[in-house]
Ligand SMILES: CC(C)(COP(=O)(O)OP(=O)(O)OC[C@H]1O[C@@H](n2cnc3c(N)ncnc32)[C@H](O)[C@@H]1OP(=O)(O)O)[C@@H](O)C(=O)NCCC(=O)NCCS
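Form predicted on its own, single chain, as structure tokens, below.
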């Protein structure tokens, strides 16, 4: 098994891109049609990714979208985490913690204020074990592909990780784009 590495998306080799998408198809079968052709969830492509490669296949992945958002009117540079996945047969081995950890180390190196992700309630314990914190109940506003402001998709919860900033401003979170 290979080590966790950061891949800048601007220099991503086509074969590595294809391997990441194949892994995402396996990990998210209900979204297989989407991941078979793209990783830009809701049009938001990652700036960089943390991956573990074993031979020719990617076995763990976390993509990061760099975005300026606002919380209570306060601008924040966030590392928006997307497409966190570990192949089913390797879950429980610490790979998720490794890819998230290295991705957030890179986000801090890039000067981002915090990590931000959206997940289903069943995933909260996993992210909490990796140091992520639930955002208190507050509105999260996204801008859909039709240009309309809308709430975060029902059933998704927001979590954050302190990086350069140790507290998250109170108030409505405006993503200034669609969620990732």
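Residue numbers count along the first chain shown, from 1. Note that the structure is predicted; figures quoted are calculated from it, not measured.
There is also a form predicted together with the named molecule; it is not shown, and the following applies to it.
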property: Residue (of 69, 130, 140, 53) lying close to the named molecule in the predicted bound form, criterion heavy atoms within 4.5 Å; result: 130
property: Touches the named molecule in the predicted bound form: residue 75 (any heavy atom, 4.5 Å); result: no
property: Residue 84 within 4.5 Å of the named molecule in the predicted bound form, heavy atoms; result: yes
property: Partner proximity in the predicted bound form: residue 108 to the named molecule, non-hydrogen atom cutoff 4.5 Å; result: no
property: Contact of residue 96 with the named molecule in the predicted bound form (heavy atom, 4.5 Å); result: yes
property: Stretch in contact in the predicted bound form with the named molecule, which is absent here, among 120-128, 32-40, 45-53, 144-152 (heavy atoms within 4.5 Å); result: 120-128
